[in-house]
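Given next, in structure tokens, is a single chain: the form predicted on its own.
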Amino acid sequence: MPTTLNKIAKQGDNGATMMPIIQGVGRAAIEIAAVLRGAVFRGALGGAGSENVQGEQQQMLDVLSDEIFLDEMRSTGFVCAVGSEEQEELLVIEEYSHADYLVLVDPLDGSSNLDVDGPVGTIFSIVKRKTANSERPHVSDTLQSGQSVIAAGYVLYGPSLMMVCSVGAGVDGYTFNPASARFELSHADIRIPETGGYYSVNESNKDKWLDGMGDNLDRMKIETGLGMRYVGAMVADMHRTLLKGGVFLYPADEKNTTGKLRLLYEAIPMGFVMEQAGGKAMSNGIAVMDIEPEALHQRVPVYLGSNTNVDSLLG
């Protein structure tokens, strides 16, 4: 019998409590994948005519994916609130406001790829609330470092639908099998190769990077001999890095002086997965997982990859 997401219940100290929420993520992923497949026929591609809290133009599929994810988190009965990259404020699930867990999500990472039928993804993490269960969930519940993350992962919408996740006991990949209509274990105990692979970055911005990162990249390329691959969706680039090795980087630059990627929705969940797979996740001279968040939509520079390649990049 194929191994399904039920395996999560047997992993580590938190697997059993995390499994219903991660199964909810799986249901959301199946729904989002179906919407993506039919978007061109429903006129659902293109802008939604609105901006998110970061001032970025929302795609219609950003909005739909956000709604689907919130509905599925509500259906678990274990989530009191959802923090979404697409929403300015924390979304409290009123009927389960006493529940123990909050989910932080980028519901559709890389949505600029949609109009060219490129890969996109979903990124998520789960934390336990700090406020009392008798109180209404508060944004302070989300402002926890990566050391407090209980589970995290991502979904890749590509040629196949795949979820990669961890409950703090290693990293597994599950691929959706249309024949059985369920996620089945396809990549057990993922470990990032220590050497080889590729570096992944929008190198056209190199002359605008801060902290001498352009020179660092040039030195790393000489030291490691890595080739370049870049999709422009963090999930796709991270997935390749995790399986093939190398390093993914998004430095701060003259326009985004504090970094571009969101700490809570992108850096911490991906850092959690990368460390669980034996790799390294760094920001400005500090491990991503040690950063104490100060705001729901805080941004940071990010360097993810094997220990060898991240160390080479950061000197």
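Everything numeric here is computed off the predicted structure, so don't read it as measured data. For every residue, the number given is its place in the sequence shown, counted from 1.
Keep in mind the form predicted in complex with 6-O-phosphono-alpha-D-fructofuranose is missing from the figure; the text below concerns it.
In the model of the complex, at least one heavy atom of residue 233 sits within 4.5 Å of 6-O-phosphono-alpha-D-fructofuranose. 6-O-phosphono-alpha-D-fructofuranose is not shown here, and in the model of the complex it never comes within 4.5 Å of any heavy atom of residue 27. 6-O-phosphono-alpha-D-fructofuranose in the model of the complex comes within 4.5 Å of no heavy atom belonging to residue 245. For the chain shown alone, residue 261 is a contact residue for 6-O-phosphono-alpha-D-fructofuranose in the model of the complex, at least one non-hydrogen atom being within 4.5 angstroms. Every residue in the set 110, 202 and 250 has a non-hydrogen atom no more than 4.5 Å from 6-O-phosphono-alpha-D-fructofuranose in the model of the complex. With 6-O-phosphono-alpha-D-fructofuranose left out of view, the stretch that reaches within 4.5 Å of it through heavy atoms in the model of the complex is, among 147-155, 88-96, 225-233, 161-169, 225-233.
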